[in-house]
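Starting off, we have a lone chain in the form predicted on its own, written out as structure tokens.
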């Protein structure tokens, strides 16, 4: 009969996630993961497998949490267009700029790994397709609520909004001033969200 685990698996996954998020995949060593998890090598490997398997699990859980959060935000938004605007402006919400410089684990990992790791590329496609579907739903709601042109292709606009948000994330990673990032997000949304005809 296997022994019960004597550690908090969720705590370990979050600690490991933060290590990958802060350093990137390649720059995070097994020693880093052992240190932040507080586990020995045998326990870490036994519970999660090797570094790559652990990273893929962390990335999937991060993405799933983001998707749940977006769905909850859409459900609680006063108007569909509000959720779309918040999605693009999120990266500039931290006035210190620390969140913008840290970026998004999915975007960072896609830039670092997707060209040579098909599993990361597949996870990125899965997550971005799901985000696009949620944004499409928000935009269709915004069309019904009279905030977006009802003749616009909601899915096409959703893909453009996602591309704009990823651009804001990338600029945030460079250390761009938060006020400038906010203006980039505002300007992009002004051009991407077609207003209904008067």
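Residue numbers count along the first chain shown, from 1. Since we're looking at a predicted model, the values are computed, not measured.
A second form of this protein, the form predicted together with another copy of the chain, is not displayed here; the remarks below concern that form.
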query: 31, 64, 156, 50 - the one with a heavy atom within 4.5 Å of another copy of the chain in the predicted bound form; finding: 156
query: Interface membership of residue 10, another copy of the chain in the predicted bound form, 4.5 Å heavy atom rule; finding: no
query: 4.5 Å heavy atom contact, residue 112 to another copy of the chain in the predicted bound form; finding: yes
query: Residue contact check: residue 184 to another copy of the chain in the predicted bound form, 4.5 Å heavy atom; finding: yes
query: Residue 176, heavy atom within 4.5 angstroms of another copy of the chain in the predicted bound form; finding: yes
query: Segment assignment from 53-61, 166-174, 66-74, 38-46: heavy atom within 4.5 Å of another copy of the chain in the predicted bound form; finding: 166-174
query: Candidate spot 14, 81 and 89, all three touching another copy of the chain in the predicted bound form (heavy atom, 4.5 Å); finding: no
